[in-house]
Structures are given as structure tokens and as C-alpha cells.
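Two forms of a single protein chain come next, each set out by itself as C-alpha cells; they are called structure 1 and structure 2.
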Structure 1
Amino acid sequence: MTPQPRKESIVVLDNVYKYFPAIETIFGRSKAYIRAVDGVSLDIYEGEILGLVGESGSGKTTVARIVAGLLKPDSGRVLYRGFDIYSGKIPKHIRRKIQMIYQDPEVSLDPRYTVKQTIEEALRAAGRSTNETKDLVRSLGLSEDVLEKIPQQLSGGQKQRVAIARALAMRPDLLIADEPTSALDVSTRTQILNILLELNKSFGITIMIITHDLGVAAYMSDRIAVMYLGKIVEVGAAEEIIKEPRHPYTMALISSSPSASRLSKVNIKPIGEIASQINIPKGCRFHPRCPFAMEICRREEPPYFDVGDGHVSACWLHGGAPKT
């Protein structure tokens, strides 16, 4: 993917692979691998909100963990502001600027820590004064009496706010939100999403939001990347992806999302279920489910075609000259 002019990449994923052994044997050798991330290249631009979309099993959470520096990829490079995250040479104070918000608020806070302790711990790590705890909590719309409470006494939405406050205490430049709303009540989802939008707007925090819900991605993102079976199949401006998807998988995803399908005219049905991550189909990995599958799709993996203005799609339907 060519980086667009004027936009600076904060994160560069360069041909990243991560396989997990499917069967753990005593001697640690496995013949079958789950190909969770199977050659992903992606740029995240400074100040944007990037939505990473895909079904469960598409490897999007693995990508999130790799970007966060929590999971070393088998091969490929992950650069954050030019530093290789996994080289050990990235200064600690820079690495700390990547923070994460998790899916399940039930397990994202230490059950034995009060809200105050949780946030003070983060403030201390960032070298900030613990006097800021109150302001931080208040800035997220929580009242001060949550400070002495433990997670068990908070609602899901409150917990997620505390988790965001904890991440903010580190003054992050990049927030990775892994399905931040899928475990929440419908009524609190929008609030959490709006908090994230607000953080992006007022502090310029770059956000990568992982979601299976194209509606959420459409609401949040500047750009959307669609992932299928460990590979990114389409990337582009959010509006374009929703209104004029070019990859059949994206079309299928949009058709199956009640909120996103209203924004788009596309309507196709994929055939069957997501294939196993162990036996990824030859050729285009989507071809067994694709209603437009051609002969070449069975044989050869499609390269990325540039379909205009940084919008890239990996599908033989585009014909023409491949981008890479």
C-alpha cells in the first residue's frame, strides 16, 4: 500500500505473519498451524481512526495484539514511529504511548484494585502525579464516588470508562480498541464510541478500532481495513468501503450487517461459513464462498489492485494491472 501524500504513518506493518501451532505436543513441534495472520501489510496514519473489520477467526485480534507489542510475529516487521517494536531497541517511554482497550470490561480491571488504585498505578507508570486521578475520572463522565469502588461494584459501561481512563493516564498516542463495545449494553455502546471519537478529535490520539460490526466501523473510522482469514482483502476510506465496496467479501459483510446495509446498495450472500484457519483455501482464500468465483481464483492468490485514491482491493475481478 502506498502511503498517501501528506499523511505520516504512526504504525507500519510490513508483511507480518503469525502462526499458532494447532496441536501442542510434548516436544513443541506441530505439523498443523493456525494461520492467524498470514502476510499483513498495513499503515496506520497519524491522527486517524482506522477500523479493522472481519468475522471471528479472521485474525483481527491477533493483529491488534501484534501492534500493541504483546505478541511477537513470526516474521515481518512492526514499526512504531520508525522503531521496530520487537527489536528491544524501542525506548520504553515511546512504547508506553501504545495503549489498549479491551473487549470484556469484566476482566480488564484487576478485581482487587479500587478504581483509584488502578488509575494511580497508571499515572505512576507515566511519571505523572497521582493528584490527577480525580480529574481523569471526571473527564470521562464518571462521578468521584467510583474512586473507592472495586470493579465488581461498577456497571459494564463504568468499567469500560475506567479502562479508558487508565489508558489515558499514559498519555497515549495510539489507542488500540479491541471490540470495545461488543460486551456492553446497547445503551452504553454509543457513549463509549463517542468518548473515543472525542479523544481522537480533541487530543489527536490515533485509534485503531477492531470490530466485527461494520456499522460501528462506519460510525467511527476514517479508513476501514477488511480482514479475511489472516489477510487484509480491502482497505480504503470508510465512506467508500461502505458505499462502494470492491471486494466481494466486503460486500457480503455489508449485506449481512443490518446497520451498514442501510448505507449501501450492495447485497450479496456469501456461501457457507468461514473456512478453517488451518486449511486455508488455495488461490484466493475467499473463492469457495464467493458468488463471483472464476477459474483464476482457484489457482492464484490475487494481488492488491489499486482501485483509486488509496483504495486497495485484493480481487481478480478488478483485472487490469496489479498494484504491487
Structure 2
Amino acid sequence: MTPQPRKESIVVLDNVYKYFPAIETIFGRSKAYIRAVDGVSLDIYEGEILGLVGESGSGKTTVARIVAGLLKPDSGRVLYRGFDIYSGKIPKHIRRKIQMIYQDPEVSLDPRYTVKQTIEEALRAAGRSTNETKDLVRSLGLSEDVLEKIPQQLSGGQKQRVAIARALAMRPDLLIADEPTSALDVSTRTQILNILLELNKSFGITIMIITHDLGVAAYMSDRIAVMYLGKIVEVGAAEEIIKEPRHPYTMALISSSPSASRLSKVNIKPIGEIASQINIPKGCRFHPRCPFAMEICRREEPPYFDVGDGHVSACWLHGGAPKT
């Protein structure tokens, strides 16, 4: 067998936690916390597209904001090329190298600025010539007449392209796309996803795409990581995750996605709704909804089991030796 090339990590999350106060006493002290990110460890490899999937409330966006340098974790480390970005003030060159594209592009677009002003500001911040503005706009399929428009004069797809152009002006190593197409119509969604794929293919930009739709993740990703109630429950190559999911929660997500379910033979329905992030169940946090739950699932939180070829799953159904 030909040895696989060693994968270099551009970002490493090492046992990251982030809790938010949920209920406070009359003295202003928190007595309950939302466990948004509850001990996440994850590598993002150079040049890959990593899909981070899960239902609303799973902690995906919180992870994205932590990776982007926008939200300091309570504990754990976030390493960018080996540098702990939260060990002090985040250096400007790292902020430029990790860029985020939001679900609502207007979050990152100043309503007072024209498209030209928005992109030129980003180019200057990156030490680049503003003469590149037109080339950036054209490269994303926009006509030059958008340069003099403000965000309110643009369609949703145009706004998202401008937001991508603004991020690209920084020459990032890593683009984090947080549900980048959920606010767009179907035809525009495909166009935006294809732009991201081309950026990865042509320029080698690493992309982390956050989505609740496993169909989108299957279309875009090299690897998929699945989150549930603040934990990563399964990670593996995208094709294997879709065709041979090993965690019941992943199976349920696939079954609920028309585009993903066409690629897989699994078909299970979870019981009830996602649990509270405040009162997370003991043991496996998915067990109250799992049709395969056993007694051990109710007592003990499962470790990560290696199910082959870098595919890991936190489920007691696998038994055997956990991943070390």
C-alpha cells in the first residue's frame, strides 16, 4: 500500500470549552450555563474543505467564531500554524489570514460604504493596491457597475459575493463560511457554493463551511465533522460519512436531508427534540433521542472509537478500543 502523505494542520482546536451564562441570581451570579462548546478537539487541514454540521443549537457557529478569533474560549487552545492565537492579543497578520463569511452578508458590509469603498478598505488593510478592486469584483462574477452601489441596492447573491471579495482582499489562508447560502434562493446558493469550491481548487484556500444541511456538506467537503450539543460526535471523509455513517445522530441528519439521503441507505428518525444546552443528558448526550440506546449510553459518555481510515465516532455501538 502506498503511504498516505502527511496532512499539515492549519488550525488545531485542543479541548476547547465555551459556556455562556443562562440564568443569574439576584446578585448577578450565574447559576446555570449554556454549554455551547463542551470540549471540542478538531484539526483543520491545509487546503481542505471541512464541513461542520449539526442542528441549530449544536454549537457550530460558536466554534466558527472561536476559530476566527472573534470569541475567546473559556479554556483550551486554538493553534494557527502552531501559534496559540488566544495566548495574548491576536496579531494583525493572523486576523488577516483567517476571514469569516456570514450567513447575512450585511453583517460584514457597512451600509454607508459603496462596494468600491468596502473592497478598497480591505485591500489597504492587507497592504495591497486598490487597483485590484475591479479584478476582484470581476473574478466573482460581478459587473463593474456594482462598485458605486451600497449594500441596500444589491441582491442577496450580490451582497454575498461582495462579502467574499472583501474577505479575499485579505489574501486569507482560511475562509470560514457560516451558513453562507441559507438566506439565498436555490439557484444563487449553487453559484455561491461553486465560487467557494473554485477558490479552494484554484488558490488552495482552506475552507471551513458551517451548515445544518448534510447535503451541502456532502457537495462541498473533503471531510465532515458532526456536532451535537457542544460535542463533536463523528469525523471522517465526506463520502464515507454520507455513505456509511457510524453515529446514530449522523444517520438522523442524513435521513432529514433530501439531497444527502439520496446518497445513503440509512433511514432513521430521532426521538423527540434536541435537548437543552443547559441540562445536557448524562452519558451519551444523544441517548434520549437514539433508537439504539443501551444502558451504558445512559450512564457513561462514550469516547471516540476509531472505525478506520481517520473516521472516528463517539458511540458505544462500536465497542472495541477507543481512539487514543
Partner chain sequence: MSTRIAYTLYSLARMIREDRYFAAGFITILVVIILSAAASIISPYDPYKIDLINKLRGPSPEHPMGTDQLGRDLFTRILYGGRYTLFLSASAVLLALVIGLLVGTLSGYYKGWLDLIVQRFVDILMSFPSIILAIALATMLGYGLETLVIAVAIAESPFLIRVVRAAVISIRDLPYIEAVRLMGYGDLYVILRHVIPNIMYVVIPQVTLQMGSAILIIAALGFLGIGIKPPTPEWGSMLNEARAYLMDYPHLLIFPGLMIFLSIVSFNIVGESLKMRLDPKARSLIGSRSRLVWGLYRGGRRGLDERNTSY
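Computed from a predicted model, the values in this text were never measured in an experiment. Each form is matched to the other, and the largest set of C-alpha atoms that superpose within 1.5 Å is called the rigid core. When a residue number appears, read it as a position in the sequence of structure 1, where counting begins at 1.
Structure 1 is taken from the form predicted together with the partner chain, while structure 2 is not. For residue 125, the Cα coordinates differ by under 2 angstroms between the two structures after the core has been superposed. Positional change of residue 74 between the two structures stays under 2 Å at the C-alpha, relative to the superposed core. Put the two forms on the same core and the Cα of residue 150 is off by less than 2 Å between the two structures.
On the core-superposed pair, the CA position of residue 107 changes by 3.0 Å between the two structures.
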